[in-house]
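Only one chain is included here, represented as structure tokens and corresponding to the form predicted alone.
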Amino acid sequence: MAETLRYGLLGTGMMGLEHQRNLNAIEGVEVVAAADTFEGSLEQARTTAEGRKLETFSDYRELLKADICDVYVISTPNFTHRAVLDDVMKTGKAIFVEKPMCTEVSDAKVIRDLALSYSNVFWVGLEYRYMPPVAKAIQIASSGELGDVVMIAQREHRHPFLVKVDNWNRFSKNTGGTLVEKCCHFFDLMRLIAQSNPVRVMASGAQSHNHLNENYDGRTPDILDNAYVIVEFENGIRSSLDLCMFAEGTTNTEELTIVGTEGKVEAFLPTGLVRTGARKGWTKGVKEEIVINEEVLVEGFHHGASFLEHLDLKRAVENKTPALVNAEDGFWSVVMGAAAHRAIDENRVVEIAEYL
């Protein structure tokens, strides 16, 4: 492997360019190639290269054939991930695949099983765990300061889905559905904090407002824009998600609360506030701090989380150590999202065993 890690971007849409900007700021890393079927996206990648040499391809398979990369970053549309991964895993090179790992549980299971014996780093882009205030809250919970964790609650009140090339993200068939496409991040956090696997899911949700007046070749978008989800874990911990995607009029778009037997911690984004309270002190036991991470050189779309994740990915590739966010994490985040969609569609409690 070369002294400088050579990265190839498979997909140069919004997230592909986000990865490129992060990698541009990391020493010992060079983005040397990019592939995308849309010339406009490739042109943006050339601009984002800021004078650095960048070979571009209209077909990612031609990029793979060139064999000029040590690490491949997959940011193609969700529904292509399984096929792209099948090809990229044949190279034996280090892999970073954007969330969701796959759109279907069956595909996620196959990739998870293949990744178990993969000879190189296989990393899934579930970067919310790297957001500095979230990481701080998780550290406080895992330290035992809150006692035994009992409940986890997350809220995301945000803007609608952004427009993407050919509007592929307007349809559940392409994305896996909102609770897979977007909320796999939150299900990953639930499982990480609970340190346990889910056993059942309850949910209520709908498409109440967004994209209802849009029309694409006679088709109306079918993606949910609001939901409540409750997940129960093997160890008895319960977690909830409150999602609304037409709630831009707010200060903090994301909130995380972890409650234990001795206290609770709350994290808020984008303000960066982390609030910790001890039961024995009541309101006098509450501490507040603004959490930032000085390592972050590129804030990007996720408060520096993607940059921090790439630092860890680079270390894993260089040191030949396992991914810190792996295919097992990717698999479970898809399963939980799929179960939440089934709970809504069939109006019932869904047992995770149905997917296993």
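Keep in mind that this is a model prediction, so the values were computed, not measured. One rule holds for the numbers: they count along the sequence shown, beginning at 1.
This next part talks about the form predicted together with a small molecule, which is not shown.
Trainee: Mark Ser41 yes when one of its heavy atoms lies within 4.5 Å of a heavy atom of the small molecule in the predicted bound form, and no otherwise.
Mentor: Although the small molecule is absent here, Ser41 would touch it in the predicted bound form, with heavy atoms inside 4.5 Å.
Trainee: Taking 4.5 angstroms as the cut-off for heavy atoms, does Gln207 touch the small molecule in the predicted bound form?
Mentor: The answer is no: Gln207 has no heavy atom within 4.5 Å of the small molecule.
Trainee: Taking the shortest heavy atom distance, is Asp188 within 4.5 Å of the small molecule in the predicted bound form?
Mentor: So Asp188 does not count as contacting the small molecule.
Trainee: Using a 4.5 angstroms cut-off on non-hydrogen atoms, would Met15 count as touching the small molecule in the predicted bound form?
Mentor: Met15 belongs to the contact set for the small molecule.
Trainee: Can you say which of 208-216, 107-115, 159-167, 253-261 gets within 4.5 Å of the small molecule in the predicted bound form, counting heavy atoms only?
Mentor: Result of the contact check: 159-167.
Trainee: Please state whether all three residues Tyr7, Glu30 and Thr48 have a non-hydrogen atom within 4.5 angstroms of the small molecule in the predicted bound form.
Mentor: No.
Trainee: Would you kindly say which of Thr80, Ser240, Ser172, Asn226 lies with a heavy atom within 4.5 Å of the small molecule in the predicted bound form?
Mentor: Exactly one residue meets the criterion: Thr80.
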